[in-house]
Ligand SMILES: Cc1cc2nc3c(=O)[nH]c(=O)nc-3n(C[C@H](O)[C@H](O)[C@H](O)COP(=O)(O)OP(=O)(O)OC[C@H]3O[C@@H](n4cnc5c(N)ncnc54)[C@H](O)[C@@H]3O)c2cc1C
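Only one chain is given next, in C-alpha cells, and it is the form predicted alone.
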Amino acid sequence: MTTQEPFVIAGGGVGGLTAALALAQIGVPSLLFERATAFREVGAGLQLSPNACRVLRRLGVLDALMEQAVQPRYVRLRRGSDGAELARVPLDDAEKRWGAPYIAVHRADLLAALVERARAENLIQISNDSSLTGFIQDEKGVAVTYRFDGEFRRASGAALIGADGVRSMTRSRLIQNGADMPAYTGHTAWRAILPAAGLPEAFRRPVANLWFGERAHLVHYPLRGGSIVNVVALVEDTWRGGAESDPEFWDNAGDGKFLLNRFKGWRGEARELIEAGETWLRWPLFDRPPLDSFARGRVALLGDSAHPMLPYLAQGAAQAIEDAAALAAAVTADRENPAAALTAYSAARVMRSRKVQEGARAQGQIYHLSGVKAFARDLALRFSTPGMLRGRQDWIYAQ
C-alpha cells in the first residue's frame, strides 16, 4: 500500500472521525462518508475516561475539547430509595494515575472538535449526505457504492472501515449471517439536558452522580462549565402494547409520566431531576453477538459496528477511540499489506473490547439489583476504601 491509496470510512461518528485523524497522523488519506447532511448538535453527555483522552491528546483534539469539558472530582454512588451515599470514587488525580484526565463533555462538542480537526487535515475528505450502499473487495483494494444527493456513486480505496454503528450496513454485508442482527436488550436510556439555572447549585458541582435502584439507575453530571446538566435514566422494560411499545424507536420523544411512575419510590435529588425534566428522549439499547474477528480481507469494523457497548462502564465512545488508535498502529506496522494490517488490528482489539463489553453487561446487573443482593452490594461499597474503588478502574483506564 502506498500513502496515496485512501482508506474508505463508513460513518462520521466518534469512531469514524477519530480513525480518519489517526490515519492522517501516519500519512494515510481517507474518504469518510457520513449519511447525515450536516454534523448537528445531537445526543447528550459523554464521560470520556483517560484511555480515550490519551488518544485524543495525541491527535491534537483534547486541548480544544477541554474548553467545553467538565472534570469531575469524583463519582458519587448513591441509593435511589433514600438518597444515602454509599461511596465515592476519586477522579481528581486521573492525570497522574492514568496519564490523562477524566472528563464529561456534550457529544456535540466532541464531534465538533473532531470535525474541526478533520476539516483542517488535507488527507481527510468528508462527504456528508452520503450513505454506503454496498462494497466489493479483491486483492487490489475495495470498491464501494454510496448514495449522494439522490444519486448512486462509486469510490475506491485500499481498505474499508465500517464505523457505521450498531445497525451497520458494513457488518451485515461482511458477516452475512441471519443470526447476526441487532437485538433489543430490554434496557432503555431516557436522556434529558436541563438548564442548570433552574436547579439547585449542587447540580452544577463537578461531580458525576450514579444512583442505584431496582431494575433502574440514574446518572447525572454538569456539562459546559456547569451551565447545563446531563441526566440519563436507564430502565429495564418489557414493553407490551401497540406502536408506542415498539422497541424499534430511536431517539424519540418520551412521556415523562412514565419516568415519574418508574421512579416513584426514589428520594432526594434524583427525584428532583426526574420531575424537572420536561423533554425526554428515549434511546433503546441494542446489542449484537460477539465476533471472533473484526476484519475480513480489506474490510474491518470499528466501534459499535464491531462491539456494541452497553453504557454501564461509560466506554462506548472510549472503545471506538481505542479502536482508531489500534488501527493506525497496525497500518503503521504493515503499510504494504492492508489485509494483514486489518488482521493485526482485529487481533489487538477483539479480546480487549469483549472484556469491556462483558464488564459493562455485568455492571448493569449490579446497578439494578434488589432485595438481599442489593443490600450486599451496598454493604460492600460502604466498606470499600476510595483507593480500592479507584483501583478497580485500572484495567480500563490504564491501557
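A residue's number is simply how far along the shown sequence it sits, counting from 1. Bear in mind the structure is a predicted one, so any value in this text is a computation, not a measurement.
As for the form predicted in complex with the ligand, it is not shown, yet the points below apply to it.
In the predicted bound form, every residue of the candidate spot (Phe33, Ser130 and Met169) has a heavy atom lying within 4.5 Å of the ligand. In short, of 93-101, 149-157, 203-211, 315-323 it is 315-323 that has heavy atoms within 4.5 Å of the ligand in the predicted bound form.
Checked against the ligand in the predicted bound form, the candidates His220, Arg191, Arg88, His187 yield a single residue with a heavy atom inside 4.5 Å, and that residue is Arg191. Only one of Val232, Val144, Leu199, Val235 lies close to the ligand in the predicted bound form, with a heavy atom inside 4.5 Å, and it is Val232. Within this chain, Gly165 lines the site of the ligand in the predicted bound form, having a heavy atom no more than 4.5 Å away. Proximity of Val28 to the ligand in the predicted bound form: non-hydrogen atoms within 4.5 Å are absent; the residue sits far from the partner. Taking non-hydrogen atoms only, Arg117 never approaches the ligand to within 4.5 angstroms in the predicted bound form. Contact between Gln47 and the ligand in the predicted bound form is found at the 4.5 Å heavy atom cutoff.
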